[in-house]
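A single chain comes next, written as structure tokens; it is the form predicted alone.
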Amino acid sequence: MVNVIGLGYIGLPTALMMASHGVEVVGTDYDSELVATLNEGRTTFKEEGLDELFAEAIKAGITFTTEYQVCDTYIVSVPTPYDKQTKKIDSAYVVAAMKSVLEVAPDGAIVVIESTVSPNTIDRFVRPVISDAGRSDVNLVHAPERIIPGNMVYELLHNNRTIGADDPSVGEMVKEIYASFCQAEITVTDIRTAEMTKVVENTYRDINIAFANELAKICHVGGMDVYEVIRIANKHPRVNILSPGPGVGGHCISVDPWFLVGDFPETANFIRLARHTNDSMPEWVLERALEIMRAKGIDDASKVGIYGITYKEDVDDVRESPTLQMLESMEHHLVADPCRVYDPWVDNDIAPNQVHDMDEFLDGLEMVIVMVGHSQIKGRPELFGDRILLDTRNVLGNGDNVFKL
């Protein structure tokens, strides 16, 4: 039996996928309300294909509880934030989960850390927990998750996986568990390499995005269309520049590179610069909005709306959201009248002056800042009428009333 610890954006889909492919699974989370919701037959966040996968897993016998189980394999999938001052990983959730696992884990149990961690985290923080508990019979494995909200079910099935283990034979045992559903290549290596490869993957993308965002600033100053520049440059067979945007959100790309900066402050200079570049984008969007407002004679911020709160399109995930970062920046600048905010994917009130209806959102607005390219609006600028649009995602096409980064 596999006990999946942590039933959030990563742990829940992983548990459901394993259960629906013949693995006996119990999902555990300390949040009793979350567990109760799952036991009532409802998922806890929106994701394409998740409800169908949930139904399959329930039929296969998955159960949910707040109690850690006595079993032979544990998969720990809990948050790994970073300290915003030191940039180092905050391992508290992983350490707490490990302590709870050790209270029930039998001799020879396998504990798989799925949470993304910085290199040497398991050596520095997890192994001492095992040692302090007087245990020498637990097999540690690191199998970092590789899925993204909005495409989780597909990526669980088709993305390559890495299994890092002290003992290669244990790594092969864990590989068999993941191979129950993963149709892509599964590589077995050592733990430190597995830790590093996951962080490097996200850091690579962060740097590429930072390059695109810096190009956007350069092209704006130089009076060029950054999207046309990138489109033509990408015709070169060895060039693949990503699209600029209003910032980088989510729990992976916006967080993992800081692990390297925090742990290797003297050498991770380029990575640090990329992080600062991407973190500067919400402020850059605010500057562009003010620039357009002046040009169009808009002097009342309450006449400006912000479309989109999530960190990417067609998900309900708001972790490290560029919109929320921009709203914080507006508060810092003491903007008297907060902008109206709307996102069709966000049901809860998490932003000031947030509304939950498109018509109510647009009523009385003269300008809209599009922060997220939800399918609802892609290629449909007419939904906003004749209002001035700052399209930070380049999803609305061109028009006299459409401005870009």
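So that there is no doubt, residue numbering starts at 1 and follows the sequence shown. Everything quoted here is computed from the prediction, not taken from an experiment.
The form predicted together with a small molecule is left out here; the points below concern that form.
For the options Gly249, Pro257, Pro282, Gly164, the one in contact with the small molecule in the predicted complex, meaning a heavy atom within 4.5 Å, is Gly249. Out of the listed residues Val229, Ile148, Ala179, Leu290, Ile148 is the one that sits within 4.5 Å of the small molecule in the predicted complex by at least one heavy atom. Using a 4.5 angstroms limit between non-hydrogen atoms, Asp123 is distant from the small molecule in the predicted complex.
Interface membership of Tyr311, defined by any non-hydrogen atom within 4.5 Å of the small molecule in the predicted complex, is confirmed. Taking the partner from elsewhere, Thr193 is found to have every heavy atom lying beyond 4.5 Å of the small molecule in the predicted complex. Although the partner is absent here, Gly245 is a contact residue: one of its heavy atoms lies within 4.5 angstroms of the small molecule in the predicted complex. Comparing 198-206, 216-224, 76-84, 128-136 against the small molecule in the predicted complex, the single stretch with non-hydrogen atoms within 4.5 angstroms of it is 198-206.
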